[in-house]
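Encoded as structure tokens, the following chain is the form predicted alone, with no partner shown.
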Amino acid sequence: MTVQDAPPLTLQIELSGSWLPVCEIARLTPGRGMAALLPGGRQAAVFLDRAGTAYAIGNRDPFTGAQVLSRGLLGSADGRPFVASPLLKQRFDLATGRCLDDDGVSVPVYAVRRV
């Protein structure tokens, strides 16, 4: 099998102990997010940072209820990657889901893998 014949790498997220294929890695643009529809109508915001690390968090902004975190801006604070909500600009740690601007608020975080 040559590189051209190899199947594309897929990003998967873990849900309740099972791995759900989300998209081909090549469809993700470093520094930008993508929304993924999950079973039961939930959504995940999937990101690929500029170093190539993938993250997945809940897409719902807990401050507004809108499904918009996938459209937020990526950044880092104290070496921690975050996404800033495009609406009210609260920042959410991509590794923990914790809001960096309000310790009492967080979003779900999903484990990711490349297959």
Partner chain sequence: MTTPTIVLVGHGMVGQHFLEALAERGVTGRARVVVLCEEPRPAYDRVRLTSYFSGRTPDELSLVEDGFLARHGIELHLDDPAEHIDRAARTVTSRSGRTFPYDSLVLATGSHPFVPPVPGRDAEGCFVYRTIEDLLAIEEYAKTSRTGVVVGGGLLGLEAAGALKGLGLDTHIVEFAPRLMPVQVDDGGGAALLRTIEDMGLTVHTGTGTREIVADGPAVTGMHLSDGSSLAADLVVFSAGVRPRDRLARDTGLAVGERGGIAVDAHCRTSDPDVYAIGECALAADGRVYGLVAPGYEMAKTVADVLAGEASGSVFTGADTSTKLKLLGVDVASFGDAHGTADGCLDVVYSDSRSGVYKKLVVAADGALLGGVLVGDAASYGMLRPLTGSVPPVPPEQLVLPAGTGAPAALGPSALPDEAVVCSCHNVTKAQIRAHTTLPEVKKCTRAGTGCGSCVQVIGRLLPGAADQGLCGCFSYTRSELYEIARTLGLATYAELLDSHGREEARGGDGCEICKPAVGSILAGLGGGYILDGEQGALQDTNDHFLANLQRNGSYSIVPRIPGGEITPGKLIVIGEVARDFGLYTKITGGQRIDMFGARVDQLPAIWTRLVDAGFESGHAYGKSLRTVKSCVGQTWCRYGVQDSVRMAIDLELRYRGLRAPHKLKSAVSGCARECAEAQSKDFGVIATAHGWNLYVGGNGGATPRHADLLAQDLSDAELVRLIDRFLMFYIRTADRLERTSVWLERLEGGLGHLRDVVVHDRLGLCGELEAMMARHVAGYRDEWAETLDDPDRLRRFVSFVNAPGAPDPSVRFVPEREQIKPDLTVLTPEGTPAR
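Positions refer to the first chain, counted from 1. On a predicted model such as this, the values are computed, not experimentally measured, just so you know.
This next part talks about the form predicted together with its partner chain, which is not shown.
- Shown alone here, Asp103 lies within 4.5 Å of its partner chain in the predicted bound form, counting heavy atoms only.
- At the 4.5 Å threshold, heavy atoms of Phe47 stay clear of its partner chain in the predicted bound form, well away from it.
- Contact between Ala54 and its partner chain in the predicted bound form is not found at the 4.5 Å heavy atom cutoff.
- Residues Leu73, Leu74, Gly75, Ser76, Phe82, Ala84, Pro86 are the members of 72 to 86 with a non-hydrogen atom no more than 4.5 angstroms from its partner chain in the predicted bound form.
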